[in-house]
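Shown here is one chain on its own, the form predicted alone, set out as structure tokens.
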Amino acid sequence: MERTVKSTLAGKNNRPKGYYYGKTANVLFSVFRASLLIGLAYIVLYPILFMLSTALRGSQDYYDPTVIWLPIHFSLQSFKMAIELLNYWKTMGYTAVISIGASLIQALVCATVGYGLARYNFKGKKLIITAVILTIIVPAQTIIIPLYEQYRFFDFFGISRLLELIFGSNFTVNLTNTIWVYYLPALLGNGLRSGLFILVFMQTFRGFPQSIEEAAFIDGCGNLRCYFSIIIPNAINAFVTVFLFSFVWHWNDYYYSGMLMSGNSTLSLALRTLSTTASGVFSNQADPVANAVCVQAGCLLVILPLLVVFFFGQKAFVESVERTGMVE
């Protein structure tokens, strides 16, 4: 027993001089890291917690100074009113059609363009890459007027004007307030943030070893079959990243929808007029707090589908962002 105690004490005495200093430093660093993460999480979650706390308040809690975070009288009346004023289910369905369809088209088109720029050398390649970068740099506000004119009087490669000269009638098509104002740019590689997505795919495909494609060509695989059978399955992480980011940006888009769509066709446009609509509902009561509570409930309803998507797909989302190196 004495030998065991002596050996233990001897082992402690033989430890390096910086042992306790390093152990203390590790503990302090762990505390600092935990405090930093908790602080960042609070900053990110604060708006959602504030909206949730406000939207769940009953009318008895509006002017109660003791209610700060947790309501005393829970109520879902503000959510019911926001659903009715937003025409929520119909508007959400239309917004989902726009976001999902445009995101799928955009991911496939941007991947094709990025693969061509990464693997093939041709004249004008640098010019095309420069144009792709310019689509990221040039703000949307500078081109919105010609863009609106293009969709308002859409002409199919000048065919409509030719028919107008022949028959004397106007054959231009009005595409505003339709899903084509999102689908067409995505199909032509010029949708929301398409330039960024093209660069992401281009860098992803540059990291693929060419030996895989060379082996496929030796086995008689053509360019298209190699792309769809080998390249795309190995770029799932990039596809997941691009699709999710594109979906979020289309879902939250306010500028393009405000210029090219009319009425309350999308959730972002409906949310814009929710405060005015709610003010009309509460005009007889003259209660601005009730109006604010209804708006907070509407904001929660708009971001709720995004939270659900992230909750179920967070693992794939985090892994895909980590492997592609893309951050927002």
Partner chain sequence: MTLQKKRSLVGLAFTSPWIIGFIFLFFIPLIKTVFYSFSSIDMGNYGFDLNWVGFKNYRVTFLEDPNNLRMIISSIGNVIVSVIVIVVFSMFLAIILNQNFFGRSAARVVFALPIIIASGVIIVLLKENVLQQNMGSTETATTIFQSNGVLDFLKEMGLTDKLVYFFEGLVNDIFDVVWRSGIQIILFLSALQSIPASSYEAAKIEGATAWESFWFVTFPMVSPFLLVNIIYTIIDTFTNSTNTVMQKIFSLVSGIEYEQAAAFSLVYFILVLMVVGLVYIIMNKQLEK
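Positions refer to the first chain, counted from 1. What you are looking at is a predicted structure, and each value in this text was computed from that prediction instead of being measured. Only the largest set of C-alpha atoms that superpose within 1.5 Å between the two forms is called the rigid core.
Here the subject shifts to the form predicted in complex with its partner chain, a form of this protein not shown in this document.
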Establish, in the predicted complex, whether Ile128, Pro185 and Phe245 all lie within 4.5 Å of its partner chain, using non-hydrogen atoms for the distance. yes
With the partner left out here, check for me: in the predicted complex, does some heavy atom of Phe122 sit within 4.5 Å of its partner chain? yes
Does Met261 make contact with its partner chain in the predicted complex, using a 4.5 Å heavy atom cut-off? no
4.5 Å heavy atom contact, Ala102 and its partner chain in the predicted complex: no
Just to confirm, Leu147 within 4.5 Å of its partner chain in the predicted complex by heavy atoms? yes
Could you check which residue among Ser211, Asn170, Ser229, Asn174 gets a heavy atom within 4.5 Å of its partner chain in the predicted complex? Asn170
Going through 139-160 from first to last, which residues have a non-hydrogen atom within 4.5 Å of its partner chain in the predicted complex? Pro139, Gln141, Thr142, Ile143, Ile145, Pro146, Leu147, Tyr148, Glu149, Gln150, Tyr151, Phe153, Phe157
Core-aligned C-alpha movement of Ser262 between the shown form and the other one reaching 2 Å: no
Hey, does Phe32 budge by 2 Å or more at the Cα between the shown form and the other one once the core is superposed? yes
Post core alignment: Ala41 C-alpha displaced by 2 Å or more between the shown form and the other one: yes
